[in-house]
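As a starting point, one isolated chain is supplied in structure tokens, in the form predicted on its own.
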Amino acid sequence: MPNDNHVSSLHDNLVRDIREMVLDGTLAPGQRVPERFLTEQFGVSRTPLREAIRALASEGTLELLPNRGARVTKVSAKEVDDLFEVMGVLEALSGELAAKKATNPDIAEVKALHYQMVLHFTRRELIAYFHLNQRIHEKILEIAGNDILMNMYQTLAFRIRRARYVANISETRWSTAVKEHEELLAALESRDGEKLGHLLRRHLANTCEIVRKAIEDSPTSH
């Protein structure tokens, strides 16, 4: 019989892999979850797959259908507004705290991440850009050093990431976002907590506007 650690690892890996398929659009909003395909792709039986599906349903990524499996939940404009509103407050607080606590090595690390992100921007490598973008925000949160804030942020982080992937980022918005990140870095370097908090909140509000418009313009939203 498999040990508990193996079972736990299998479950966690399945949850993570299916979540990533939702994030990158392999499983689209409203799409039924193809259980037979997934069991073959991941080399697992129906039982662990369905346990992973239930876990993803409990976090709101999937929706269970009575006797008909599950489907990917759709992202609504109301959900986006609510998510970004709360996340804006959390990000602003993380910026204020990080500016007070940042060491020179902390700032150097954020700067290095920023330059890597800009490199992906110049190469138009969107997925890699998004990963570095997210890492910068997480690093600022780590510097803030507040465990309660971190837990609240992580609870919402996946749903925010998913909402961002729904929208196709335009060249104009992409360029603007990079400039906003340059301003964030400058505020962190100068340890201006009030400014950094304001910039983080504005940065997220601008992203929210783009995502909401994409959802409202989507045929599946009507």
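Computed from a predicted model, the values in this text were never measured in an experiment. Numbers for residues come from their place in the sequence shown, where the first is 1. Take the two forms, superpose them, and find the largest set of C-alpha atoms that agree within 1.5 Å; that set is the rigid core.
Below, we refer to the form predicted together with the DNA, which is not included among the displayed structures.
From the list 151-159, 62-70, 23-31, 193-201, the contact stretch for the DNA in the predicted bound form under a 4.5 Å heavy atom rule is 62-70. Against the DNA in the predicted bound form, the set L10, R50 and R54 is in full contact: each member has a heavy atom within 4.5 Å.
Listed residues A177, A187, V44, A163 were compared with the DNA in the predicted bound form; V44 is the one with a heavy atom within 4.5 Å. Although the partner is absent here, E182 lies well away from the DNA in the predicted bound form, with no heavy atom inside 4.5 Å. The partner is not shown here, and in the predicted bound form the stretch 193-212 never reaches within 4.5 angstroms of the DNA through any heavy atom. The rigid-core alignment places the CA of N13 2 Å or more apart between the shown form and the other one.
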